[in-house]
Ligand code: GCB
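A single chain, nothing else alongside it, follows as structure tokens in the form predicted on its own.
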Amino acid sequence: MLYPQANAYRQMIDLSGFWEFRTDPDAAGDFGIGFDQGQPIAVPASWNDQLTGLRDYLGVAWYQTHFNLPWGWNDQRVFARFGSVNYLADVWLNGTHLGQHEGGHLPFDIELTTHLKEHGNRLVVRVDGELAPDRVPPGNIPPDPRSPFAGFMRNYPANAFDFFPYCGIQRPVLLYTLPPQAIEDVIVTTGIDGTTGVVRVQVERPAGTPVRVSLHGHGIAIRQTFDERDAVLTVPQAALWSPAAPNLYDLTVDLMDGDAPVDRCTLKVGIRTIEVDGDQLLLNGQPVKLTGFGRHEDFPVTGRGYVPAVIVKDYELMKWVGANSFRTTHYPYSEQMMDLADRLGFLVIDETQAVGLYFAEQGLDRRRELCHQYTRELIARDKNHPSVIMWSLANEPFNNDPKAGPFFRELYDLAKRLDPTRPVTVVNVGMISGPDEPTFEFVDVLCMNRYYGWYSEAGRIEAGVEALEAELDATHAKFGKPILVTEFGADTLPGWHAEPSEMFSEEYQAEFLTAYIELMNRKPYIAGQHVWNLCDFKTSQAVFRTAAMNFKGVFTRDRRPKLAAHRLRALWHGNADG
């Protein structure tokens, strides 16, 4: 799952731009060989807000583009890498079906080599965005007839999560090459021994092929050749990675044939440790407190599409406020977002797209299979990022079901097998109190989303904080683990003011966040506080979502600050370095 690179041994081009597009409402089309009379569409970007009449269209659509094989690629293996296609993707090249991938937000690779032409290649992608109970995240779940809200508290489109279900090719599509003998994967883990850094490099490659690794930066240059699966490099007086000093080293891995390299890949490496000790979260052996946000990949017109300028802006806003961290709510973010987290020193709770899970028997086996797939894919993609300090297996599952505990125990054990170096969590929903959450028995850090003073104790911030304190203390007393309050906030209409404060006013949001943060600052077992949300974002239509928006952002959707952003800056600025 190495990101494509361009160097002396590998080539890469980006197919972003204007593709051709057509819908297939009856899912009856057979356009793998291509189609005529398509309309232009931008890739990467969601389709919903680009084209007239497609806002709520979540069915089948077809994309196609054409390319010529660049000079010098004939003797290489050629692949297409899709950063995110939501939800189900089928890929054809020159009329031949080459593969399928289910699940947005994570990349997949398709080999094109044997079906390429020098000129006039046609790449076709069928995208199915339907919401279904056996997909993850789920949608169109039959309402429980026993519920008094059946048919009333429903949203449209009918998803089981509180953000808009954007569809399409939403991240870059890359063509890239690999040499005949290639490095398949690199796994980097780091440790600290006094002032010495320990960098373990595992290289997946053809059997019996020697590897040379080189580490450069901060005044050191280390080179080692080995035939075994892995090498251990010791770095004297290591420059550690942290939010205060996001030091990175350059790691070069060469696949050798005698004295000559035949393949090469490079990585940025940060030397740091992350662990849980009692009710504290330790970074490089020292307690760390997370301040930050939940966030969405959401912007007008482009939807959930990759927009580099928005990524840069959001990092600038988080730094300005004083945040040192965020959670990838509620799906993995772009690989470019993760690269910048390494560079800028943000701590990341990396979350799969398993949001809104429920445990009815219908479709449960398929949802379990998909959650295992997503956990494997996420860890394979992001395992080498020093910014990633924790894996989150799901957000707000409906865990008031006896099947939930065993379901997540399987996922927890899988994540620990794949990566024993990081804590693992499941983010708990407010409808299940902390002491009764089944996953809290085995996860490493307790993550709780709480809205006392909003969804309950509405309009009564003081009463909400009292309820929150009682639950936090009871949860800590039972489990003795670090607690992160991973969501708390209040919907706020920009420009709406009230004295005294009232719900939906900017004053209420600022007072709500202040009261929560002052409480959490008094609790030494609280290892972090993540406000919901950085920015306002689009949702499905519902009676509880004015203008089909969630207005809990401390910035507007177009990134203008509300009163709460200034209040957070005053509260957090001294804690920005953790």
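Bear in mind the structure is a predicted one, so any value in this text is a computation, not a measurement. Note that residue numbering begins at 1 and tracks the sequence as displayed.
Form predicted in complex with the named molecule: not shown, discussed below.
Checking Y455, F226, Y156, F398 for any heavy atom within 4.5 Å of the named molecule in the predicted bound form turns up a single hit: Y455. Comment: the named molecule is not present in this chain, but in the predicted bound form one of D444, D279, D162, E335 has a heavy atom within 4.5 Å of it, namely D162. Under a 4.5 angstroms non-hydrogen atom cutoff, the named molecule in the predicted bound form lacks R55 among its neighbouring residues.
Within 4.5 Å of any heavy atom of the named molecule in the predicted bound form lies no heavy atom of T273. Put simply, S46 is far from the named molecule in the predicted bound form: not one heavy atom of it is within 4.5 Å.
Using a 4.5 Å cutoff between non-hydrogen atoms, Y451 counts as a contact of the named molecule in the predicted bound form. With the partner left out here, the named molecule still marks one of 388-396, 179-187, 204-212, 303-311 in the predicted bound form; by a 4.5 Å heavy atom cut-off that stretch is 388-396.
Scanning 62-79 for heavy atoms within 4.5 Å of the named molecule in the predicted bound form gives no residues at all.
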